[in-house]
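Only one chain is shown below, in structure tokens, and it's the form predicted alone.
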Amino acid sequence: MSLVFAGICSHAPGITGRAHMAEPTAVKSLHAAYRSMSEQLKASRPDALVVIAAEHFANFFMSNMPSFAIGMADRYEGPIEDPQWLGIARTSVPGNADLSRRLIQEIMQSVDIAYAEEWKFDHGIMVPLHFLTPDYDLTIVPMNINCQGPPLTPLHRAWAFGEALRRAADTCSERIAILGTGGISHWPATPDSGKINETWDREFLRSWSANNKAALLAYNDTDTYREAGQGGFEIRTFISVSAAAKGLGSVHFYQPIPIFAVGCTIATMTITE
């Protein structure tokens, strides 16, 4: 088999930790979009969900910061954050070490990656799973891209990583779903927290939906930092999904929600050969 589902979504901790502080209509619409994505994911009948997230210094720090890392374990625990703060109870999530190993072996034929048999899930993975797999009964293969500590993973390498992931999925007998999680524009843990550049976000989503490789790879970190904050660096996870799916995207929800400190996004992409 190959890919059976591809999507992107926001993973901001405020989505679960500060839901009670947001405008109720916005929260209702966002939650409805997450439920719809969950139904689409379930309908694709995946054997495993690959979650491409951003490293937030949960498992790696500047003493050892890989450009790409993949989990290779049969169980994972999360969230690493305070469950009361995040609004998600700590739990155990199923993995598949053998599937991870096979994906890793194929991806590393063209992309240098790190892998880890121990991995704690932070909000970058747990917030999406809270909505998309609330029973935590779907096998998860976690993958991280360095979007945090410069020098950051170059965008063209994030694209190459997505291509390698697709090639790896094509070699597997399992039905594989992929999900990229991130921003888009946001300035977390700064005095500008809550600032959102809606114009920048919507322009990026137009390029993502069109799977416009040239436009997606034309972004540079200097401009992104100025226009979208350090959180904007997480476009790398969305770009990897584009490269893997090869199709066209549909944005099901986008709305700036300042108390969540991000332009909240739910989108899926068709999968083509």
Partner chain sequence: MSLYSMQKFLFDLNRDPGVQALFRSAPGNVLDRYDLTREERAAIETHNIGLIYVLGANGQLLMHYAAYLGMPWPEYIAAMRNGVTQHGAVRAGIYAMTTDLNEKVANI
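None of the values given here were measured: they were computed from a predicted structure. Residue numbers count along the first chain shown, from 1.
The same protein also exists as the form predicted in complex with its partner chain; that form is not shown, yet it is the one meant from here on.
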item: Touches its partner chain in the predicted complex: residue 195 (any heavy atom, 4.5 Å); value: yes
item: Partner proximity in the predicted complex: residue 205 to its partner chain, non-hydrogen atom cutoff 4.5 Å; value: no
item: Close approach of residue 76 to its partner chain in the predicted complex, 4.5 Å, heavy atom; value: no
item: Partner contact for residue 117 in the predicted complex: its partner chain, 4.5 angstroms, heavy atom; value: no
item: Heavy atom within 4.5 Å of its partner chain in the predicted complex - the one residue of 29, 230, 209, 67 that qualifies; value: 230
item: Residue among 112, 170, 98, 82 with a heavy atom within 4.5 Å of its partner chain in the predicted complex; value: 82
item: 41, 134 and 142 all contacting its partner chain in the predicted complex, non-hydrogen atom within 4.5 Å; value: no
item: Partner-proximal stretch of 51 to 59, 240 to 248, 215 to 223, 29 to 37 relative to its partner chain in the predicted complex, 4.5 angstroms, heavy atom; value: 51 to 59
item: In the predicted complex, residues of 241 to 260 near its partner chain [heavy atom within 4.5 Å]; value: 258, 259
